Ligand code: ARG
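Coming up is one lone chain in structure tokens, specifically the form predicted alone.
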Amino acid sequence: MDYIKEIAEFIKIDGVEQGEIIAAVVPAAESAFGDYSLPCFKFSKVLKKSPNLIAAELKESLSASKPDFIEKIDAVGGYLNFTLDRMLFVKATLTDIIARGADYGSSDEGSGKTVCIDFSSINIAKPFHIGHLGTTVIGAALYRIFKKLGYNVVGINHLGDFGTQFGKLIVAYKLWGDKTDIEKNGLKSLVDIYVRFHKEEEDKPELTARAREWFLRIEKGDAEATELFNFFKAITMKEVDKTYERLGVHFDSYAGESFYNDKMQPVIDELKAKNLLEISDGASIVDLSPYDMPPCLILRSDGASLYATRDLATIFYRKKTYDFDKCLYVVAYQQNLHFKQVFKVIELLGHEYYKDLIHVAYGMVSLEEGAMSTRKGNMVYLSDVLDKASEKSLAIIGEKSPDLKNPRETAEAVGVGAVIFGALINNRIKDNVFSYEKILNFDGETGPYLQYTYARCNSILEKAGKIGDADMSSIAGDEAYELVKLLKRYPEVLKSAKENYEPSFVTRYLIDTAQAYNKFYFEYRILNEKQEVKNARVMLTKAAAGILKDGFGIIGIKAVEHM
């Protein structure tokens, strides 16, 4: 039952449309005031009465004919408060959650609509480092949220596979590289020679000139340059695919920057045709000064394209190929201006779908040790972070549960889950300083805490056996009732996360749910009770476990059956 809708339809106010009443009904701010409230302040102007009087009159008129699911109606300080019949609410909610299983929270609201999500976007021949964690796990979570709500979702890894750095890498490889060593050690060997190049070019500017020449050869399709570039790409993808697999992240497209090398001319032609392209100091720009932005640089004075040129080409291609209803870019907030410029150019070209282009900005992930740089060689590989988190988890599990079967498999799930959850627990725009000690805490607001709570639920369910007739009055107490109300909210949490492009709504909800379950667990006996009481409490445990597990799947962590 949609209680807000049902309550709103029960309320009749002269001169006020039903839609306005539906929009006004909200969950009560405090459980002491009931379950749902109608603030009456906004109706004062229409009814020419005080909010207190409106609430009192509505209470009087509605109380005599209230539906069965409402236990009582109160008027307090301009609010009309509704308290539900706990027994009916608990039974209906748990029955629905258990019957629907993994479908609970899903909907068909996205049917027939396509959402493109551009995320992760790792760079070829550079390490998949801790700085890529945010975009990767935020993008993957949004992918799953939109999928859950019925959208056709296209996950795009816009590979960084274009630019002078590949010319630099070819020069470095020809001077100091060893194919056998690179095939054996992968990206670490490529990074070593890339770092050496940047150290040497400080005193040897001719290296930079040679790098530009090699990149030009890549652009023109030179056989040797292309072969080396493809070799670097294969080495990169072989390694990063292992990390994506550990994170449970997959893509529908790997079309990167180089894919659009031959797709930029239509953009330039349309800009010219609509008189938007201007020459400034030899470069081709779109003047954005009327919108308080610097010019959007389209072509350099030597005719070379830039990020904006390629991003405009990607938008043209994605709209033509996928006819998206929304196209999301999960990219760090440092690129705010870039996307404002690119989206404004699409608007100036007269394409209404500029409104459907969304920059999902996020804060930076850094280590307690400080900033990182590929050029300087102080880059932290994400695979190393996952390894370390897994090993630390193994040590903790060994102390807490020495007899646990498959400890390494569990430690991998806990360690990787801890890293993912640590990146998603806060609002995405917030910068995040990564700490192993913090994310692996089994008692705090962490991934391991959630997984441990789920394992606790699973242990109870394994011992409980089949659920029969249940005494719902045994789970109508405050702790149990608050948990049921939280479980009921899962579908609206998913919708809010989708509307705000904010996976932390799901992570915070999961923490609240786990805390509420543990409070219930410590306040109520579950297994050592009369059969019908036990059945009701096991039923609540099953519903909580199901939603925790589904939420884990949304954010990308594994449900561990035993810990």
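For every residue, the number given is its place in the sequence shown, counted from 1. From a predicted model like this one, the values you see are computed outputs, not experimental measurements.
The following text describes the form predicted together with ligand ARG, which does not appear among the structures shown.
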item: Option touching ligand ARG, based on a heavy atom within 4.5 Å in the predicted complex, out of 426, 253, 95, 335; value: 335
item: In the predicted complex, the residue from 317, 381, 307, 354 that sits within 4.5 Å of ligand ARG by heavy atoms; value: 307
item: Partner-facing stretch of 397-405, 436-444, 335-343, 79-87, counted where any non-hydrogen atom is within 4.5 angstroms of ligand ARG in the predicted complex; value: 335-343
item: Partner proximity in the predicted complex: residue 331 to ligand ARG, non-hydrogen atom cutoff 4.5 Å; value: yes
item: Partner proximity in the predicted complex: residue 144 to ligand ARG, non-hydrogen atom cutoff 4.5 Å; value: no
item: 4.5 angstroms heavy atom contact with ligand ARG in the predicted complex for residue 410; value: no
item: Distance check, residue 123 to ligand ARG in the predicted complex, heavy atom within 4.5 Å; value: yes
item: Residues of 106-120 having any heavy atom within 4.5 Å of ligand ARG in the predicted complex, listed in sequence order; value: 118
